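Quick heads-up: it's one chain on its own, the form predicted on its own, in C-alpha cells.
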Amino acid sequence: MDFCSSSSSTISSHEEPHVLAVDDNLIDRKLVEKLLKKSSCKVTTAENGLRALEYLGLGADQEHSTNNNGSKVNMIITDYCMPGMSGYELLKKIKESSILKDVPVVIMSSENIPTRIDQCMEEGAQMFMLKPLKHSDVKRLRCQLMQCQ
C-alpha cells in the first residue's frame, strides 16, 4: 500500500502508518520498533543515517534512482547521536529533498540539551523526544501522525 504518495494523502484509522526507525543502538532500535508495532505501525529499521538514506532513495549512488521507498514512509524517527551521520544531519538531508521534505521527522536523544533541541526544531523536526521512549510517547506520536498527514 502507498500511504504517502502525495502530501495531501491521508491515513485512515484502519491503515498502518509506515515509520522508519533509525538508531545505531540495537536495544534502543528494538525498543522503538516494539513500541511502534504495539501502536499498530508498520516499522522499517535502519542502523544508521546512511542506511536510512539508502532506504529512502537518497544514498550517494542513488541520486537519480527510481527507488520510491521514501514516498511510502509516513514518519521517520531517528536517534540524534550516531556514528557517521548524526540524526541532525539526516534531518537536514531529508528536509533538503523535494520528495521527502514533508515527511515528519522525530529526533530522539538520551541527552536533554536545549540548544540541540532548538537546532533540530529550527531545521524542521516535528518533535524532539527523550529516550528511553515510553508507550505514551509513541501513542502521542501516532496521534500526531494521523493529524499531520
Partner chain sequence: MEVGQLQRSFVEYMASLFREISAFAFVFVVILDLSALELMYFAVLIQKGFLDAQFSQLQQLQDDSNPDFVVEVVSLFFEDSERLINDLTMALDQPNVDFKQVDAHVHQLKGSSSSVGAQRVKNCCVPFRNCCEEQNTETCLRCLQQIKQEYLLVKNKLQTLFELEQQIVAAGGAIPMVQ
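Residue numbers count along the first chain shown, from 1. Values in this document were obtained by computation on a predicted structure and should not be read as measured data.
Note that the form predicted together with the partner chain isn't included here; everything after this is about it.
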Exactly one listed stretch (50-58, 94-102, 118-126, 25-33) reaches within 4.5 angstroms of the partner chain in the predicted complex by non-hydrogen atoms, and it is 25-33
Under a 4.5 Å heavy atom criterion, is S110 part of the interface with the partner chain in the predicted complex? yes
| task | Examine M85 and determine whether its closest non-hydrogen atom to the partner chain in the predicted complex is within 4.5 angstroms. | result | no
Taking heavy atoms only, is K139 within 4.5 angstroms of the partner chain in the predicted complex? no
Are any of the heavy atoms in V43 no more than 4.5 Å from a heavy atom of the partner chain in the predicted complex? no
Residues in 105-138 that come within 4.5 Å of the partner chain in the predicted complex by at least one heavy atom, in order, are S110, E111, P132, L133, K134, H135
